[in-house]
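Presented below, as structure tokens, is a lone chain in the form predicted on its own.
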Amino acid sequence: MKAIYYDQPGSPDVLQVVNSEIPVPNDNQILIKVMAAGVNRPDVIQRQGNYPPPENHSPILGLEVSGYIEKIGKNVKNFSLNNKVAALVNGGGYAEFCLAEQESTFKIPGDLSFNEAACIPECYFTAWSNLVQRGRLTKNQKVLIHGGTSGIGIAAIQIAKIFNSYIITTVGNEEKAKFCKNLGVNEVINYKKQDFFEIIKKSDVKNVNLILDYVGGEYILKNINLLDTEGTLVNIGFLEGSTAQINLMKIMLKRLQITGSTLRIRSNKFKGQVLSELKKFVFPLLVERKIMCFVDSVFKFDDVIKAHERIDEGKHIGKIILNP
């Protein structure tokens, strides 16, 4: 099969298409013939050498795929050969065939295309588990989501809308701001022109109940100072660094919660629990197209360098997709 490898970490041009052995599923796994694979920020960080795959995870990039079931293990239930499925995977997505665990594999909802379905696993599993399960999102809260046009940002915004949230997001240009407004965001802040902290503090909102952030760095202290009493900050990444000097007194006096998580190393049982909730609350809205999957661009495997250059530029709106 064709797969995308790199010998040494570095810039996008280290990526190359090579021939590799087709993986063999164990008794509890599914082998998917990949029709589409999502490109995500963790792929970039791994390519750069800053996010080595955990033990027993595929060294091949790619955390989400869609396609047809090619083989199933003898203990796999509720799936058949040639089912159209998508899956959250432990690496291996940038290949013509990919192993998936049955707990994090699902039949594609409604009439979504393979490219659309490949937008779901990494982003919606991450957004739901961090906003709803870890952040304890409830009805009518004020929510700040950084990076509103990333795959996770778009998923988080649409999940927050289910809870009738007042949604604020940060973006880097006016095209992205317009997109988020059309998506139903209440307030969009261009962080390249405005200080989101000052804008929110001077507005009628003043404080928020829940923040989802993957930026870190100087955002950490601003996020903490924006939280209302009993507020929660959920970190899912630190593009600008993971250290900051903070005043713990504010955390104590306002009874704040600062938490975070990474999805890849969680158990199959946990991922199955997330999927169960997504099937109940999100998938019906995907079928009705009340929640949408937004594809920014599609690249062939041979153009994987261009795909990674696209995500490195930070100009994309929605998901970048690879097709074998």
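In this text, residue numbers run from 1 along the sequence as written. Quick caveat: nothing in here was measured; it's all calculated off a predicted structure.
Beyond the structure shown, there is the form predicted in complex with a small molecule, which is absent from this document and is the topic of what follows.
Checked against the small molecule in the model of the complex, the candidates I200, I236, I220, L99 yield a single residue with a heavy atom inside 4.5 Å, and that residue is I236. Taking a 4.5 Å heavy atom cutoff to the small molecule in the model of the complex, the contact residue among V298, L285, L263, L256 is L263. Partner contact region in the model of the complex: 170-178, out of 73-81, 170-178, 242-250, 104-112, criterion any non-hydrogen atom within 4.5 Å of the small molecule. Each of G151, Y214 and H316 comes within 4.5 Å of the small molecule in the model of the complex, counting any heavy atom.
Proximity of G231 to the small molecule in the model of the complex falls outside the 4.5 Å heavy atom cutoff. Although the partner is absent here, S165 is not a contact residue: none of its heavy atoms lies within 4.5 angstroms of the small molecule in the model of the complex. The shortest heavy atom separation between G147 and the small molecule in the model of the complex is within 4.5 Å. In the model of the complex, the small molecule sits within 4.5 Å of a heavy atom belonging to R41.
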